[in-house]
Structures are given as structure tokens and as C-alpha cells.
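Okay, so here's just one chain, in C-alpha cells, the form predicted alone.
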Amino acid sequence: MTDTQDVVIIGGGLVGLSIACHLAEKGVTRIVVLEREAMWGRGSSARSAGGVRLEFSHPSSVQFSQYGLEMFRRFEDLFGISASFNPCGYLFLTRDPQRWDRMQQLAAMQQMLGVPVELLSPADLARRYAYIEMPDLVGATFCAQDGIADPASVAYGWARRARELGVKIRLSELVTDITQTRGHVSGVVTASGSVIQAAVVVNAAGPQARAVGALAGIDLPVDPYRRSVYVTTAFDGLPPQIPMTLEFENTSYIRREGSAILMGMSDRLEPISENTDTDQESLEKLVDTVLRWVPRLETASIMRGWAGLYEVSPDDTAIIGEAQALPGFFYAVGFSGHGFMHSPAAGRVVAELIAGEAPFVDISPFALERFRYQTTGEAFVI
């Protein structure tokens, strides 16, 4: 079976659906999204903790978040379904004096871009958040505009709008080859035997981004790592409203999930894999880590847990652009845990690139070619 499209998007998660929606709104009529799962938005997108924040190391990343935050706030007006945005705020904690110096420098940049980030001393933290016990804390930042939203609702809103605009979403379609003609991308082949001809192919495959890139002969340095999340039963040992709170040195975080507490962490010893199973060892590590700075959680009971995959780049920053070695092959990958919050802006800039327009934000910090040189890693990541 042979089909002809203008654009093929590989990956039906949040980033792929955002690209499809933004392209369709530009009037591109022949777009197909290929998702290897039996339902769009069921991979890493469905396992996101839903954080949305403005604090990042690069001005472009801050602007990505600002665009996404505004969209999530207005999502119901734009797409007819609420993103359930909750402006609970983000609180970053550090016990490292050198990290604190950098956080203060970056706060100045963020404030210049309109981010109302606050610098908190240990005394400030003790007054506001008495449940946090961290005797060696050196400083914290807080932004009240940040919060959480519902990835499933956002994915549904984009998928519905894309379909209304004529986008085809084909499920259970695994791409097995990316074809080329005279040095330009020319389409894809799927495991079902479909051949889709297209002058533009977009890699939005998340944790599978490196494998999809290899089909085109493009090395995308993105690897999948398991990240586990757990939710307690209803718990009243913490205030009813707490911010998304992240502790840098032990890479753990907590936030409210209704009447319960959601908690997670990044295990630096976790190997590269596509394992999304939870296990007792990961749970015990998480509990031990979180209790060091929120001891009140000792009386909480775990209700459920799940694991997803971060698609991690070498500097914890997304890779977005068009392959220099293969015109027509675009990618938006390697979001390193920031895919949900940056998916609105990623969709817009990729659509602009495909349409031959200048991106609304400087995307040079996301260029694949940056890895030829020494890069500075994202500071606000755990």
C-alpha cells in the first residue's frame, strides 16, 4: 500500500500531536501521525507528572515555558477541554553553595524575561514551609506562576483539533525505514507494509528517538531512562496546598495530588533501558530519600506507583531542528523530562521551520550541532 502525504510525524505523544496541530492550523492539509502504540498519548506522555515551570538555564527554554504556560491557562478556550492547570508554584531547594550561586545568577536572567522568581533564604523557607527539614539548606527559589496540568487532557485536545483539521492519526504503526531520494528524505515504510511518500518526516518519537534517527542515518544522542512516581493514600500530615518541591542534591520531589502526595526521583544509577516496571528497590530508594527532608511523610501509606521514560540528551536540553545531512528530516527530541511543559512551543517552532518561517524563539540552544563543542548543562533538572 502506497500513500502520499506532505508531512509524516513519527510519534503520537504530546510533542508529535502538538506539531501536527500547529502545522494543520497553518493550512498544511496532508499530515499523518504514526504511533506505534494502540492509542496516541499512551507512552511517556501518559506517565508524566505534569509539571509546568518557567525556571530554566537558557532564555529560549524560559520562553518555551512561557508560551506553554499561557496555552495551558487558556486551553479550554482554545481547544474546548480544560488542561486542569493548577498554579501551585515550583520550589527548588539546594544544599550546594556553588549551585546556589548559579541559581541566583540565573534568577536574574529569568527576572529580566518577566519570570517572578523569588530567592529564599533558609529562614524564609522555615517560615513558609515548616514541614521541610533541611538543616544544611543554603537557598531556594520559588515561582508562584508555575504549577501542574493534565497531560492526558492536553493530548486529547490536540488530537481532537488535529483530526478536525484533517490530520490522520494511524495507530499500531511501527516505522521500520525512512527512505531517501537524491539526498533528501522521501518517506517512510512501516511494519504493516505501508509505504508513505512525503517530503518531510518529523522524528517526535520520544524515548525511541535515537532508533528512529538511525533509520535516517542521523545520530541523535538521546537515551531512555526509567523514572518512577508514587502516590500516597489521602494524607493530611502536610498543608492542603504545597508547591511542586524539588530537592536538587538527592534528585527527589513531592507535590499534592488531590488529597494525596505524589513523589518521585531520578536515580543516577538507573541504566539506559525501556523498562517501565516499578519495583520494591526503586520505591525504597525514593521513600528513604524523601524522608530525609520531609520526615512527616513517615506516616503516609503508598497507594500506587508507575514508571515512565525520560528521553535524555547529554546536556538535559531538547534537540530541535532539521538535519543538515538530510534535508526534510526534522526532529524534536531529547526533552529530558521537560517534554510536557515544552510541547506547545516545540510544536510551534517545528511547524514554523517546516513552513519556512523564522521560529518565534531563538532555537540555536536546541541545535544538534552544539554537541560538537562543549555545552553547559541545564541547571534546573533532577
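One rule holds for the numbers: they count along the sequence shown, beginning at 1. In this text, all values refer to a predicted model and were calculated from it rather than measured experimentally.
Unshown form predicted together with a small molecule; subsequent notes refer to it.
Among Leu353, Leu326, Val28, Ala49, the residue placing a heavy atom within 4.5 Å of the small molecule in the predicted bound form is Ala49. A heavy atom within 4.5 Å of the small molecule in the predicted bound form is found for exactly one of Gly187, Gly157, Gly308, Gly139: Gly308. With the small molecule left out of view, the stretch that reaches within 4.5 Å of it through heavy atoms in the predicted bound form is, among 102-110, 203-211, 118-126, 280-288, 203-211. In the predicted bound form, the small molecule stays beyond 4.5 Å of every heavy atom belonging to Asp316. Contact between Ala20 and the small molecule in the predicted bound form is not found at the 4.5 Å heavy atom cutoff.
At the 4.5 Å threshold, heavy atoms of Asp223 stay clear of the small molecule in the predicted bound form, well away from it. Proximity of Gly43 to the small molecule in the predicted bound form falls within the 4.5 Å heavy atom cutoff. If you check the small molecule in the predicted bound form, you find a heavy atom from every one of Gly13, Glu173 and Arg227 within 4.5 Å.
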